[in-house]
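This document opens with one chain alone, in structure tokens, the form predicted alone.
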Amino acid sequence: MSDINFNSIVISTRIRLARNFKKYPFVLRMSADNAKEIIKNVSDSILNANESFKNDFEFYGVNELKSKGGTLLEKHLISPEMLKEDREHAALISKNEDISIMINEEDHLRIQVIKSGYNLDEAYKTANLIDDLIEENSEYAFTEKYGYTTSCPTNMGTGMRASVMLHLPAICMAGKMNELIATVNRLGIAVRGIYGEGTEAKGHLFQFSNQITLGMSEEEILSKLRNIIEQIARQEVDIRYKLKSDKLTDKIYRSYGILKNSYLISYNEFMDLWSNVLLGCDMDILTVNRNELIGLISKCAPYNLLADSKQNLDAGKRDKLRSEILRQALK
């Protein structure tokens, strides 16, 4: 596979572990006192582990999640469900934002590790370290037959969801995305939008993750996902070079021109044009700072614009500010 540059296809890698504690009822049946105890126990496990961990994580309680939840969601650090919760819930997020621990979401604990690019093994190793650290102080709900017990039966077993965010503009342009989704679904792989389950795809970005967590080991899940991702990457690269033409180059340059010179631009339009520019960058049609380009996904998202501006901006003002950010980034 050395002829494929996976980091031109893969945007990010995520490992998420779902866990519940043996001594407490599931989230939907637990009391407010239970919820507070779980938050304290998990927080103590992380913040009191050692000086390095204590300084590396920030705690977000209910009030912080209400005020900053949208921004954290756009950075993929919490799930959409965390914004809807009424019960006591919290999150611990590393300062470099590659680890987030959601407490009292659907399960007592959701440990999530995100790595840029194609880094399944590294993400899995980090998630395991956090998992073991928390388990030192609290026993998980686990059975020999069913593995880790979770609120939703689809997470039983390993409780692990491994996912990879892919940029697939060529497959979409060729009209093959629906066929690809149907194929990987039959192989036990789910395909979701940019912010996970129940969200739409933007900018030709798709999350591919395992559907089966019971009856397979973590290593088997990772191996299966890795094989499928690598086949999809090959297909995307093959189609990119079949589509390469003056017409595609013109589309990429026009997209770059609009992003660089617009006065008002919506987030949806930005994402469509952004996808074309990233494609141009990865096909050596444009010379653009790729890391900065990927960083614009969250920087130009609505909640992040509000947070950075520290003002209550309506849609029109957000569109104007987004254009200013793009002109500055792409000048």
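Numbers for residues come from their place in the sequence shown, where the first is 1. Small disclaimer: the values here were computed from a predicted structure and weren't measured.
Not on display, but discussed next: the form predicted together with another copy of the chain.
*Asks:* Counting only non-hydrogen atoms, which stretch in 186-194, 105-113, 167-175, 244-252 is within 4.5 Å of another copy of the chain in the model of the complex?
*Replies:* Selected stretch: 244-252.
*Asks:* How about G257 - does it come within 4.5 Å of another copy of the chain in the model of the complex, if we only consider non-hydrogen atoms?
*Replies:* Contact check for G257: yes, within 4.5 Å of another copy of the chain in the model of the complex.
*Asks:* Do S43 and another copy of the chain share at least one heavy atom pair within 4.5 Å in the model of the complex?
*Replies:* Outside the cut-off, so no.
*Asks:* Does K320 make contact with another copy of the chain in the model of the complex, using a 4.5 Å heavy atom cut-off?
*Replies:* K320 belongs to the contact set for another copy of the chain.
*Asks:* Examine N304 and determine whether its closest non-hydrogen atom to another copy of the chain in the model of the complex is within 4.5 angstroms.
*Replies:* Output for N304 is no: heavy atoms all beyond 4.5 Å of another copy of the chain.
*Asks:* Going by heavy atom distances of 4.5 angstroms or less, which of Q231, S223, N261, Q211 would be at the interface with another copy of the chain in the model of the complex?
*Replies:* Result of the distance check: N261.
*Asks:* Of the residues I265, C281, L293, M271, which one places a heavy atom within 4.5 Å of another copy of the chain in the model of the complex?
*Replies:* Contact check passes for I265.
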